[in-house]
Every structure is written in C-alpha cells, then in structure tokens.
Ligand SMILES: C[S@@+](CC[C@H](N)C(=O)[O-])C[C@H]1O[C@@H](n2cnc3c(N)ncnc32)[C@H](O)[C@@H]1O
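To begin, one chain is listed below as structure tokens, in the form predicted alone.
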C-alpha cells in the first residue's frame, strides 16, 4: 500500500462531507469510514497488522491459555444447557483466527464429546481478516457468514467477542453553555498541510434525540458537568446487541472488552472522554491523522449493554474483570504448576510473563467480562464465581 492511501481515504471522507447539505458528518460516520471502508478502511487494509509487531496486541497474542480458559467456560455452558447435539459457537470479529484455533484445538484434545457437538461460526466484516482466518483454520470445520444471515431464534450455544465493541463507531458530544452538543466533522482547506485540507470539528444540536435520551437514561445531570466536557455514545452497540439476541434461541453472550460501568464512564472528572487511537503501539487521541492507518477505539459502557440486553430478552448473569474470570477458570492453577513442568527455564519464564499479563489489573486483566443469557437455567457460569487464591 502506498503512502498516498490515507489521503485517498481522507479524500473520500472529504467528498462525503462536501456532499452533505450542511457540509459535515457525525463523528460516528467519520469513524465508520476510517475503520470499515471496504477497501481503504483500517480493518480492510491494515487488519492483519496485529500482534506485538503491529499497532496493538490482544490477549490471544499471549499464547493459547486465554483461548483454553474460554474453552473451559464454553464447555461448562454446553453442560448447563444439557449437552445439546448442536452447540453453536459464534465468534464476532475473530481477528486473525487465533482464538478460534485455540478453542477448537483444546476442545478436540480434551473434550471430544463437546467438540463433536460444536458448530463454529465466524462473523467477520473485514475481507482481509476473513482470508487470513480461512487460511489459519484450514482443515477445521468452521463457517463464515454475516450476522444478518443467521435465522431468528435459530441458535443454541454462545455468541462471544473479544475487543469488538470498543471499535464500533461512536457519536461524540460536548457540553457547551450548559447544553448537550454533538461533535460533527467538517473540512477546511489548508495549503500548508499534505493533501491541502484538514478535518475540523464543529458543534451543533444532536443529530438524533436518541443521544440525549441515552444520557438521561443514565441520570446524566448537565449541571454536574463543566463546559467543555466531552465523551462518547455508542448507539451502534445497541443495534449490534439486538441482532445478537435475535439469533439466539437459548444460550449465552460473552463480551470481553475494556470499559467501565455507566457511573464511572460518565464521570465529571473524566473531561476528555475515552476515545483513543493506536498507531505502531503508540497511543494518542487524534483520529484525524493517519486516516486508514490507525485504529480508533473508545471504552465500552457495560451498563448500557446490560440495559439494552434486558430490552432484548438477555438476562445479565454477571460482570467481572478478566483477571477474576480467568483465575476462576483455572489460570491460577496453571501459574502454580509452571515450575513443575518439563519446559526449558526460558519458556517457563516467558509463559509466566504471558499469564501474568493476562491478569494484570492495570492492563488486560482489568478488561471487563459481561455474560448475558437467554432462556438459560439458573446456574452461574464458573467464570463469574469468585476464584480461590492460587
């Protein structure tokens, strides 16, 4: 890809802005194009640039333990559901296919009966990532489709995602003169910069009343927030969760991501929101540079997912931190047993480092894990139980 690609994508976004009668688009529309344009968006053109050598890495890049712990939870869910003959696992946003491979390998090796019942499906919007997944999972029984292609109330199993919701396009808002204003993206000619123009923000009344309704649902009192306060609203997550529930006849939804409960998300002291960009492992907060070359994310409001889930017949079974979730599922035992393995010393040290990164409360271990259920027995999944100390 040439260095001109980002300017090509930037030009396409500029064209969309110019075509708008008000010469602007919502930030959600900007983020949608920057990340998901079919040819030039980040997840289409740069999606394979993940891991320690790319722009960022996730839990699945730290060995197979993360996937194997999730497989343990999925196994238990299969048993709670009385071992259905067709147990469908749907992974949404499967990255490079590493998590799928770790789960399938573990179930095949350790739990053949569950593996035989498992039907694994991947929902992947990026054509480039889908090709990489298909190559990595060659020889395994995995299918790919769009979420909308799954018939209503057709699945018994679990629909899960790891670091997906944070990348859904968000609206941005700010408080100005005691009013909620939406942040729009416009364009300004500037001969002094490459490309001859730059993106600029403008504020106006919200594009939809749903933004204010959303804030009111969390008891957002404008009088408590200073002028200039800004944050994000992820309406796309509501639509996504509705589609997820539509597919599920009986089973679970597991959402793993970084974020906060609602009362922490909208905190008057967090005045600049949670939007962040990742470029070559450098984090910053300017989404208007490196267009198409950088990831753009915002933290997840897990309380919103819980509230919306209830509207879509999804019962909140529990919310915990990734560290507690993995420890409850046996990761602590693996840490204890490491010195007694026959692995070379350097491999033991590296694996211990990986396991500790997965449960580091200041890093991946601080991620949120939300488990919701639909028409499931009243039994708490083990990942939500308080783990014993290793």
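Everything quoted here is computed from the prediction, not taken from an experiment. Positions refer to the first chain, counted from 1.
Only in words, not in the display: the form predicted in complex with the ligand, which the text now covers.
- The stretch from 170 to 178, 85 to 93, 198 to 206, 265 to 273 that comes within 4.5 Å of the ligand in the model of the complex, counting heavy atoms only, is 85 to 93.
- Remark: residue 245 does not count among the residues lining the ligand in the model of the complex, judged by a heavy atom distance of 4.5 Å or less.
- The ligand in the model of the complex is not approached by residue 217, whose heavy atoms all lie more than 4.5 angstroms from it.
- Among heavy atoms of residue 231, none comes within 4.5 Å of the ligand in the model of the complex.
- For the chain shown alone, residue 60 is a contact residue for the ligand in the model of the complex, at least one non-hydrogen atom being within 4.5 angstroms.
- Proximity to the ligand in the model of the complex, defined as a heavy atom within 4.5 Å, holds among 182, 102, 124, 132 only for 124.
- The partner is absent here, but in the model of the complex a heavy atom of 164, alone among 164, 211, 241, 158, sits within 4.5 Å of the ligand.
- With contact defined as any non-hydrogen atom lying within 4.5 angstroms of the ligand in the model of the complex, the stretch 313 to 328 contains no contacting residue.
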